[in-house]
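In structure tokens, the next block holds one chain alone, the form predicted on its own.
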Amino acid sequence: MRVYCCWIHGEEREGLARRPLIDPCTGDVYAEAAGADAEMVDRAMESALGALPDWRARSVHERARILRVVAQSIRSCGERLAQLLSREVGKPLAAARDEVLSAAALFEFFAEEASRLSGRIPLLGMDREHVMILREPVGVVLAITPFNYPLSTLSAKVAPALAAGCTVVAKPDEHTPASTLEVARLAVEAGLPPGAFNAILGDGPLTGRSAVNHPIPRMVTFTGSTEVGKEIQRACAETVKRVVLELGGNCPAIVCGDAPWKSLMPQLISQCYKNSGQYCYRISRLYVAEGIFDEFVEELIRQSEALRLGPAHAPGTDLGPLNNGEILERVESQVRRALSEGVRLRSGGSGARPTTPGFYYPPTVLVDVGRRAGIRREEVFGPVVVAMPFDDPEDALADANASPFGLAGYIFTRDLALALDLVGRLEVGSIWVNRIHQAYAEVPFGGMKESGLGREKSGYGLEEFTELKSVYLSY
């Protein structure tokens, strides 16, 4: 059986503790991962620290050249990486291929963006004196990534960190280490010096906590649950580490009565259920104008039930399984609790689960969601959406903002003035108006409130990996 090991200083290092890796489509063990204990975490951090002076001293053009080679290597190994992703995550192969291309594109983007980092020389007009404001790499970065998009979230962290002159220790989710290890190996083959990009395996309570508490990293960038993000923020406060946190979401979509919702329904369906609902900025709450609500829900159910649920490798599969048994149990529990609180199940639910092995959960539509229902306020990391009618857009806005989360939102109306008014008052980090598409590399992404701190992607995301230094120069 294949054993995945840590990647430290350009070579595999096998940890002592092993955990099984389970195929989400079947529930079968297909490999093992050898986790890192505190001693191996220390080795990875020391390696990254040792590689830092050389890597940060290289010109931006040299760093960019290597990042472009990494991107080319990812593309050249695209099918193998897609197969790895599909197996470990449980996502359909077409979606895995798209994620591989997205990962390569992020390395290319930050290779280009690195040359745009700049400081300032304010024209203060002081006699024989200038002030220079410089940007320098923050140092060793710990990047902790989730199971749902192991490669694209990895690239969104590792590529800008390396572009800025930092070195990185990555800690992938314990369920999905394979694709991260493959990219770390490709990066060294592309010319990245050993130690500039290490990967340690293991779970959060042991490996993750040991890495976060380690004194060497000067920054932790984390994508995952709000609860774990809060714990990381508390731990980082002890040594005043910088943190970028991309956390949970419970994202609202406001569909007004004048919206061309029938033509938009395929986009709405995709944004509700893509990756089997396992991503943070999916639509979780649909606020629909009263006048179109019944017809809207019927069409939502029709297209939801038309989605094909099945193994990731099966031709025509729209939704694969959830990634692991814990996620499945949590989604089932949340829906059961909602039903006990008076919420009504219109489609899907546990009763519609296939009887085949694997962690499958069908697209699920809930209505009659009372204001006290917990599912109205919490993140559901699965293919579950709640639909609620509104008479006045002001009521929909107020309820949308009542969530502790503030990651993303969606507005659909032909009334541009209303759309812009809602945009200005919806408390989220990203808003899509009258169309849904992926988050672009050129645009910052991140949340407000309990959805996180800082931004990823774009030049703003690159700047997160730098420190400002002020130099007062007299002559």
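The model shown is predicted, which means the values in this text are computed figures rather than measured ones. One rule holds for the numbers: they count along the sequence shown, beginning at 1.
There is another form of the same protein, the form predicted in complex with nicotinamide-adenine-dinucleotide; it is not shown, and what comes next is about it.
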Even though the partner isn't displayed, in the predicted bound form is Trp432 close enough to nicotinamide-adenine-dinucleotide, meaning a heavy atom within 4.5 Å? no
With a 4.5 Å heavy atom cut-off, would you call Trp55 a contact of nicotinamide-adenine-dinucleotide in the predicted bound form? no
Going by a heavy atom distance of 4.5 Å, is Phe412 a contact of nicotinamide-adenine-dinucleotide in the predicted bound form? no
Proximity of Gly224 to nicotinamide-adenine-dinucleotide in the predicted bound form, heavy atoms at 4.5 Å: yes
Note: nicotinamide-adenine-dinucleotide not shown here; in the predicted bound form, the stretch from 121-129, 201-209, 389-397, 336-344 having heavy atoms within 4.5 Å of it is 201-209
Which of Gly320, Pro217, Gly249, Gly195 has a heavy atom within 4.5 Å of nicotinamide-adenine-dinucleotide in the predicted bound form? Gly249
Using a 4.5 Å cut on heavy atoms, which of Glu231, Asp294, Asp368, Glu332 is close to nicotinamide-adenine-dinucleotide in the predicted bound form? Glu231
What are the residues of 381-417, in order along the chain, with a heavy atom within 4.5 Å of nicotinamide-adenine-dinucleotide in the predicted bound form? Phe381, Leu407
